[in-house]
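Read the single chain below, which is given as structure tokens and is the form predicted on its own.
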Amino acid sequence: MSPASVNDNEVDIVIGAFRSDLTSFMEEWRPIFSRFHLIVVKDPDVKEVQIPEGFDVRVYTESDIVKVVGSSKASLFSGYSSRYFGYLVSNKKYIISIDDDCSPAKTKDGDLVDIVAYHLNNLKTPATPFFFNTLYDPYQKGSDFVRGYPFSLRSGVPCALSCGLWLNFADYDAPTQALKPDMRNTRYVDAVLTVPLKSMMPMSGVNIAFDRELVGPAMLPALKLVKEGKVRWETMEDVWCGLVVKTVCDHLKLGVKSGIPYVWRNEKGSAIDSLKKEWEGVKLMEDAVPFFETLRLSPSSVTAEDCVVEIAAAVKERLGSTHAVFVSAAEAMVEWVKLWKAVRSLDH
């Protein structure tokens, strides 16, 4: 990789705190995170958060959330959705989000994977969604455009979202993990690629980065399962968010990349216990994915905010009759855009 130049002041690292003692987590990440500003958003069920000294960190509690969004909307930011409050209050160009059950991965040479440098390299180099390059990302060191790739498309488009991957525990759903309890991801594939235009994807919030100025309003909490839990496979909020932001990127001619950087995911929770909780979400995707695959936004939607509002209206109209959770998701999307605009107005 040829690292992109990193301005420490243009990056926020957002961490959702789902346990009280973050000491070991923070110490593992110190070599990578210590030079950047951190936003830690405490889940309402966590009483206190222990963070070692030496970090530029701002911890947000439930009372902080209420002060910013009001008590009636604070419920948007509970569980894994708490991290979205960090997205809301950040004023940096780039946001990197990491779960507190992740450790730094190591390259094949044994070096720590600097997820900040890798994510920023993905975001600061163009994406190529309109024509697939068979040699992965042509902007990575050691790669280029293959024979037959149109020169008119080689300038690419801005990359708005970088989706990293996981070693050890991959981001499987509960049924897959329960069926194959001993399966681990041990392959470090040193590659990244652009997700093609009109291809939907199940985005995970475990290890991602995005350009807040381009798609911040589309990185939203919306779809909450009735039995949503406290481990990743008991939620679908990030998967729904991924469907929304990919639709927005396709419409606005922005790119999404998937691949490096990796993190090491540690075990958390029981897939068997989680199976019933997530099963609702598994079934919902059978309706949601065809909807997003066929959705086309109007030319009048020229910003991420416009796109989200239009998507929300379509969700309510076309999916609302199939399940009440879609109606709630549509309403949450509209509320999110209002909150985004209100908080942004305070910055100016």
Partner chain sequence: MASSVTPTPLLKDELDIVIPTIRNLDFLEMWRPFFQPYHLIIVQDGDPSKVIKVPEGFDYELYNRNDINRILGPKSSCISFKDSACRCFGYMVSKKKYIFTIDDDCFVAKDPSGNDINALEQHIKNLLSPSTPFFFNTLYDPYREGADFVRGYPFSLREGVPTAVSHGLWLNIPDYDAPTQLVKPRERNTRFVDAVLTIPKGTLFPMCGMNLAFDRELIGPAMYFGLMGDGQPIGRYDDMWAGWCIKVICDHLGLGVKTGLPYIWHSKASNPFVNLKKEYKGIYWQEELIPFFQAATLPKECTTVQSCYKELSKQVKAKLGKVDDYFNKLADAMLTWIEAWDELNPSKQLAKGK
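Numbering follows the first chain given and starts at 1. Just so we're clear, the structure is a prediction, and the values are computed from it rather than from any experiment.
What comes next is about the form predicted in complex with the partner chain, which is not displayed.
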Contact with the partner chain in the model of the complex for E286, defined as at least one heavy atom pair within 4.5 Å: yes or no? yes
With the partner left out of view, is G142 within 4.5 angstroms of the partner chain in the model of the complex by any non-hydrogen atom? yes
Is M183 close enough to the partner chain in the model of the complex to count, meaning some heavy atom within 4.5 Å? yes
Please determine whether S72 contacts the partner chain in the model of the complex, using a 4.5 Å cut-off between heavy atoms. no
Hey, with the partner chain in the model of the complex, do V244, K253 and L295 all fall inside the 4.5 Å heavy atom range? no
Contact residue in the model of the complex, chosen from V302, V282, A313, V66 - any heavy atom within 4.5 Å of the partner chain: V282
Here the chain is shown alone; which of T107, N266, S270, S199 has a heavy atom within 4.5 Å of the partner chain in the model of the complex? S199
Only one of 109 to 117, 85 to 93, 186 to 194, 208 to 216 has residues with a heavy atom within 4.5 Å of the partner chain in the model of the complex, and that stretch is 186 to 194
Is any part of 137 to 172 within 4.5 angstroms of the partner chain in the model of the complex by a non-hydrogen atom, and which residues would that be? Q140, K141, G142, S143, D144, F145, V146, R147, G148, Y149, P150, F151, S152, R154, L165, W166, A170, D171, Y172
